[in-house]
Ligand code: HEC
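Form predicted on its own, single chain, as structure tokens, below.
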Amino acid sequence: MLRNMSIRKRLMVILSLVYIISMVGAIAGGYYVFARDSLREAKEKTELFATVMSANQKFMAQNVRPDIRDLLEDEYFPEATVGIVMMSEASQIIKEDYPEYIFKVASPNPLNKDNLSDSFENSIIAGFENGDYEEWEGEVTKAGEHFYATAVPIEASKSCIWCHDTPEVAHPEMVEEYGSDSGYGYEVGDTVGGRFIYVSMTASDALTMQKLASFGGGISLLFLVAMLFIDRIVISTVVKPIEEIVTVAEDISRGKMDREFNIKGNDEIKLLADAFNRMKVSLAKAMDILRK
């Protein structure tokens, strides 16, 4: 097919093929780089969020809980004595300004039914129980939304047993609030759930596609300018000189022996023109001999 095209069209077809192949490679590479950058940013966000939650829990356990229990020994005050409650409440405050964050303490046997783990979380918690991993991180889709998530196991400690042993041992106000059919039977050392942090990747995905579109548009514009530039060069340095040679050759074939192949430059086309000039001279001498 290329053989039947003009030099100009042939070159444009070749450049178009180069453009398509380059775009496929550039878009694939660009998507990988931008997606990895979005994932890195999501990891940093979850690490920061997890650090904040852990710091709050540690501060409460070391500085608040002991004093509260000394002052209010028989009072039910989970906001200052239960780490899970404190972290859940703090996460809701953070979520008001940063709605892309979701913090969840998930358990297949929760005291608060809002903390009941779903099928995905159950699989991660089961992995913790089986020793498959000490912590988990990855990407997951929940309710049609793309998230980057991290999870660490929650093990029952001695401080947990006073709430999660049996309903009879637990504080009456707690049993009244949460009921007696879930959240009990914990034993020290058991993996009873996981602390999950989800960061929505929806905005990051949209930004990745926006960057990719700008990147692809920039490459396309660059190729367009290059193709136009090359087209102008080809016309001025290849097409027009060849057309000039063809025109002069046709005139000479009609007997106009005064025409010259005047081609500027020092390339193959100039060599071709010089060869035609020599051939014209030889032809003129041969014609003179024939006339004599």
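We number the residues from 1 along the sequence you see. Since the model is a prediction, treat every value here as computed from it, not as a measurement.
If you look for the form predicted in complex with heme C, you will not find it shown, but the lines that follow are about it.
Enquirer: Does A149 reach heme C in the model of the complex if we count a contact as any heavy atom within 4.5 Å?
Expert: The answer is no: A149 has no heavy atom within 4.5 Å of heme C.
Enquirer: Is M201 one of the residues lying within 4.5 Å of heme C in the model of the complex, judged by heavy atom distances?
Expert: Outside the cut-off, so no.
Enquirer: How about E155 - does it come within 4.5 Å of heme C in the model of the complex, if we only consider non-hydrogen atoms?
Expert: Residue-level check for E155: yes, a contact with heme C.
Enquirer: Quick check on Y186: any heavy atom within 4.5 Å of heme C in the model of the complex?
Expert: Looking in the model of the complex, residue contacts with heme C include Y186, since a heavy atom lies within 4.5 Å.
Enquirer: Do heavy atoms from each of I84, N109 and S159 fall within 4.5 Å of heme C in the model of the complex?
Expert: Checking in the model of the complex: I84, N109 and S159 are all within 4.5 Å of heme C.
Enquirer: Okay, which stretch from 210-218, 112-120, 95-103, 131-139 lines heme C in the model of the complex, with non-hydrogen atoms inside 4.5 Å?
Expert: Among the candidates, contact is made by 112-120.
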